[in-house]
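Just one chain is shown here, as C-alpha cells, and it is the form predicted alone.
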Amino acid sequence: MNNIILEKIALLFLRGIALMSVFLLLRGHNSPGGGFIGAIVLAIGFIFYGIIFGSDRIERILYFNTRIWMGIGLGFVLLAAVWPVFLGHAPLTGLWYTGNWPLLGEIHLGTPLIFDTGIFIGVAGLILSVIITIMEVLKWNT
C-alpha cells in the first residue's frame, strides 16, 4: 500500500523529531534533557519512519551501520573522560571554553557537551540497532 500523504507526514515527522532531539541534547546540561532523552526522542522518530517505510530505508538514512554509531558515541564519551587527564585534572572534570563569536555572541562550550553528545549518538545507535534487528526478524519491509 502506497499512501503518499502518510509517507510525506512520516518524513516531516522525522525531521521535526530530529530537530527536537538536538534541542533536548543542547539544553540538557543545565535544564531537563540531555543525551539520553534526546536519543530516545530521535529513536521514536526513526521507529515511526521505519513502520511506514521499512528497516532498509532507516539504514539508508543513517549512512553508517548502527554499531559504528555506538562506537562513535563511546569515542566521544572516552574523549570527554580522558581530555582533562592530559591537562592535569581528574577524569571527567568539566573543562570550559568561553568566547565571543561574531554572530552568536558569548559562547560557553565544555566537555559535558562532548559527553552528552557521545551518550546521544551511542544510545541512538543502540536503540536503532535493536529496532532494525526486530524489524528484519519480523520481515517488516514494505
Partner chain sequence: MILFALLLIPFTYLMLALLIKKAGIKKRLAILFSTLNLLWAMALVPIVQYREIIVVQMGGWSAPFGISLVADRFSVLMLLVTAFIFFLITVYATQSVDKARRKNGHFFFTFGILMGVNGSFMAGDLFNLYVWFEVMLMSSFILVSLGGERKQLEGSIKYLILNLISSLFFVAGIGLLYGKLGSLNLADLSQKMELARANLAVLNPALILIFVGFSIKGALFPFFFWLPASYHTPPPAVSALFAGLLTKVGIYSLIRFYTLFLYYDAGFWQQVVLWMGALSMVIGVIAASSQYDFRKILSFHIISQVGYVVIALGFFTEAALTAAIFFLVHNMLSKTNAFLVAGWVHREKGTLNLKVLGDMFKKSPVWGILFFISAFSLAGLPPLSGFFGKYLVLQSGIEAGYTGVAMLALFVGLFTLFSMVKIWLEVFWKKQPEDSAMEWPVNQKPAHWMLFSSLALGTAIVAMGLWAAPIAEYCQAAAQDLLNPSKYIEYVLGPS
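Positions refer to the first chain, counted from 1. These numbers come from a predicted model, not from an experiment.
Below: the form predicted in complex with its partner chain, not depicted.
Looking at R67, you'd find a heavy atom of it within 4.5 angstroms of its partner chain in the predicted bound form. When contacts are judged by a 4.5 Å heavy atom cut-off, L109 does not count as touching its partner chain in the predicted bound form. In the predicted bound form, none of the heavy atoms of G99 sits within 4.5 Å of a heavy atom of its partner chain. In the predicted bound form, its partner chain sits within 4.5 Å of a heavy atom of A81. Note on contacts: among L113, I44, I51, L92, the single residue with a heavy atom within 4.5 Å of its partner chain in the predicted bound form is L92. Looking at 51-76, the residues that come within 4.5 Å of its partner chain in the predicted bound form, counting any heavy atom, are R67, I68, M70, G71, I72, L74, G75.
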